[in-house]
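Only one chain comes next, encoded as structure tokens, the form predicted on its own.
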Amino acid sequence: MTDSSGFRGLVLGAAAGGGLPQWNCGCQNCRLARDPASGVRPQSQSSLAVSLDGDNWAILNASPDIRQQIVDNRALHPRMLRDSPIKSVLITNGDIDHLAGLLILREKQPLDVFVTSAIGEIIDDNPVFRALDPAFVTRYSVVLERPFSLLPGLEARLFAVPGKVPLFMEDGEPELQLEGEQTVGVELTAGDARVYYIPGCAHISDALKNRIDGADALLFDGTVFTDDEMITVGVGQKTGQRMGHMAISGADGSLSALAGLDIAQKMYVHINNTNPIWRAGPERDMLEESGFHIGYDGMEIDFDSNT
């Protein structure tokens, strides 16, 4: 990063679960991402790093790709024989693409992990997570709406957003707009800056609009462009809503819901491999003309800047 001071973000992974290209997918986007000449870059699974000083970092969601994400971002490299600038990890839901990366961070390195009690139960119920040595990894159970220190000088607050339980916990047809500790958004404040990270959301309520209005930055769920996208592309039978994600487009889409809000920087992240915004075209043009950015791996964000 060119300037290590100030409240900054670094998109480690911009794609949804499976990444881009997904290992077993031959859709148009995945084919393009495998072609170095196409202009569509491969993207890893959803994760964001934040820092106030460029030396100490917090990770929001530990994706299965976190090892390569650390390799690809010099700010996260060790600075001595055994060291890491990563001081804390916060998990927003129990999906594999947000949780499995904790297992990569098991090499006896001091680390704070922040989760809700519901996500903590998922960790406790899976004995593989015992690989995280409690002598080094301290886990904190976070209460919704109660502020806590994610890094020195960086306050975080978790709040419920509509979603569903992780796929591996489904038993029959799940509630698709469940609000509780299963799926949360993150409010980050440092000084006068206020930032929101919401990589999974099934619906934008008036209460959520009121919360995020006036923010300095919003990184929001961009999983699918249209609700029936995976069906239309021919790679699945689930809608975006069935997966717990609202579509970007349409009368009930996030683009329309967020259009009237005063948010200085708006970005889509957690973008599915089928989403047409990965490539040049009318869908991407629509977002950019509406003032949205499309997140990408390695994207640097100055949260202190309103430009």
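Please read these numbers as outputs of a predicted model, since none were measured by experiment. Quick note: we count residues from 1 along the sequence shown, nothing fancier.
Unshown form predicted together with a further copy of the same chain; subsequent notes refer to it.
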query: Contacting member of Asp213, Glu145, Glu155, Asp83, with respect to a further copy of the same chain in the model of the complex [4.5 Å, heavy atom]; finding: Asp83
query: Candidate site Val161, Gly180 and Asn275: all three near a further copy of the same chain in the model of the complex by heavy atom within 4.5 Å; finding: no
query: Leu20 within 4.5 Å of a further copy of the same chain in the model of the complex, heavy atoms; finding: yes
query: Gly26: touches a further copy of the same chain in the model of the complex, heavy atom cutoff 4.5 angstroms; finding: yes
query: Contact flag, Lys209 vs a further copy of the same chain in the model of the complex, heavy atom cut 4.5 Å; finding: no
query: Non-hydrogen atom contact Asn61 with a further copy of the same chain in the model of the complex at 4.5 angstroms; finding: no
query: Listed range touching a further copy of the same chain, judged in the model of the complex by heavy atoms within 4.5 Å, from 120-128, 193-201, 213-221, 145-153; finding: 120-128
